[in-house]
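Take a look at this one chain, the form predicted on its own, written out in structure tokens.
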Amino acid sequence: MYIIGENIHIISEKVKEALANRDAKFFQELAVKQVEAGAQALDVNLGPRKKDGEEVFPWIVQVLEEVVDVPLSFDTTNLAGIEAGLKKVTKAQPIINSTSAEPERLEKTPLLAKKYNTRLIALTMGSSGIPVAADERVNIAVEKLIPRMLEIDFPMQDLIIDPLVLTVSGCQEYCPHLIEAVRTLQYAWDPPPMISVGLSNVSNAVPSQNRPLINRVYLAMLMGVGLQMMIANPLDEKQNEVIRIIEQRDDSTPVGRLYLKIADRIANMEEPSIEDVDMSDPEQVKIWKTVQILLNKVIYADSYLEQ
């Protein structure tokens, strides 16, 4: 699993404060921690930075490249800021996160990515927003995103399609469709583009104590349909253990066997079965309840684990 570390994000008060103070040490320590934990790239989400983007993005590139060698992913809508940052990159091939099928973004952002030889994350979202159905998201990729890349001769190996994870809290019906979108996108073009998701989006607006579990169970499902790249928290050791279990097919523990069963059943276009669960094991029961909300079988509530 290729993990793009998500922790340099302006939504964090600590990141916001460190950016205001130009605290290079904070960002360097956070970058090193993520890479040491397994991140193979770093997402850098500092917001639009309309007033100071052309100063901030070069600064953060220089700060991070002093301590890590991995690709930096510019997660912003500020194209001028991205370009200023790209001019300072001296190490790994960077990533632009992101374009969409909205006409203005699709016109400008791929050209910038091609000019600076970056990879490009493209969202399956048009002017009318994010479609629910898997086939509609795939159609956006096949009919709009990929044709635009071909039009400008953008390397397909540098395109990353993101079919957009939305939260189980309020957008529950999107969760199973996203799984099928990931499955189908791998056959949507030859050669297929990479597919990535923002994993932790599935647990946005969920009580903090339940977020890691929801992320892990969804991850097992998505690995079942072949997901190989994600923006996620590399510091989540239990998440990393799920990745290891599924990649190495380690069935040496009861919980590990359950995660493998979930991944395998989703891979075979089957629904996970209660027969796979030891209902006397509280941890397995929590995983099973989480499967049910993610498949939209049980209505999500913040107290779902207590029901």
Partner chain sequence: MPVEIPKDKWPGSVRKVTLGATTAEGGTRGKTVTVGGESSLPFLHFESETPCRPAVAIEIRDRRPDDWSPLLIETWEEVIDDPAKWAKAAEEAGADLIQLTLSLTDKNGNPNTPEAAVANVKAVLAATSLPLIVFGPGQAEMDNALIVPVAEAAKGERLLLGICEDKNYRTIVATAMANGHLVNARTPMDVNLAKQLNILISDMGLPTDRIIMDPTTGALGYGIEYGFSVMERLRLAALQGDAMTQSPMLVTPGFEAWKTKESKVGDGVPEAWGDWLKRAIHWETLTAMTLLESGADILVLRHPESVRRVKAAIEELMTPA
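Residue numbers count along the first chain shown, from 1. It should be emphasised that the depicted structure is a prediction, and the values quoted were computed from it without experimental measurement.
Keep in mind that the form predicted together with its partner chain is missing from the display, and what follows is about it.
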Picking from S169, Q186, N201, T77, the single residue whose non-hydrogen atoms come within 4.5 angstroms of its partner chain in the predicted complex is S169
Query raised in the report: N296 near its partner chain in the predicted complex, any heavy atom under 4.5 Å?
Result: yes
Which of 148-156, 231-239, 170-178, 130-138 lies within 4.5 Å of its partner chain in the predicted complex, heavy atoms considered? The stretch 170-178
When its partner chain is considered in the predicted complex, the residues of 114-139 having a heavy atom within 4.5 Å of it are none
